[in-house]
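In structure tokens, the next block holds one chain alone, the form predicted alone.
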């Protein structure tokens, strides 16, 4: 490899690393202050750079939140798809999806908070139509797993699966508001304890 090519690849790697750092900084600020209330200058200040320099990496604040959310959702669905394609039974699929949800919160906590707080505003912009697609897909996935569990006798038939879905959605993902990666419980341990609480309520006797 020529010295010029090595220098080029090294520079590209450095740019990619800096870009990831800027996105992480922006995600933390958007999550804590709100997207609309945060300025590009505030993100730049937190990152230790001039406001104009941020535009070397991103053309707008909108581009930053787009990449934050799309990266989080792409990785979340990749994890979910691995579970769904593994041929597990309904109960095991349920357990694995809950575990992957908490792992996603562990890896992308600020992005999850942004998603929860900003989606209803962002979806009015065609650029973020994928948020609605993800919400629809998420609901269909959970209802499919729950309905399958009822049919095969793993889950109680006297509970409404739509209500169970809403309970799971709200109780699991709200954890992003309080979860800390350096807390006393790991993401997997929190998932295990959630599963104990949930499954005792919906498993058939």
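Because the structure is predicted, anything quoted here is derived from the model rather than measured. Residue numbers count along the first chain shown, from 1.
Here the subject shifts to the form predicted in complex with another copy of the chain, a form of this protein not shown in this document.
So in the model of the complex, is another copy of the chain close enough to residue 156 to count as touching (4.5 Å, heavy atoms)? Although another copy of the chain is absent here, residue 156 would touch it in the model of the complex, with heavy atoms inside 4.5 Å.
Residue 160 versus another copy of the chain, in the model of the complex: is there a non-hydrogen atom within 4.5 Å? Looking in the model of the complex, residue contacts with another copy of the chain include residue 160, since a heavy atom lies within 4.5 Å.
In the model of the complex, residue 60 touching another copy of the chain (heavy atom, 4.5 Å): No - in the model of the complex, heavy atoms of residue 60 and another copy of the chain never come within 4.5 Å of each other.
Mark residue 12 yes when one of its heavy atoms lies within 4.5 Å of a heavy atom of another copy of the chain in the model of the complex, and no otherwise. Residue 12 lies outside the contact set for another copy of the chain.
In the model of the complex, which of the listed residues (164, 47, 68, 54) lies with a heavy atom within 4.5 Å of another copy of the chain? Looking at the other structure, the residue within range turns out to be 164.
Residues within stretch 178-193 having a non-hydrogen atom within 4.5 Å of another copy of the chain in the model of the complex: Read in sequence order, the residues that approach another copy of the chain (within 4.5 Å, in the model of the complex) are 178, 185, 190, 193.
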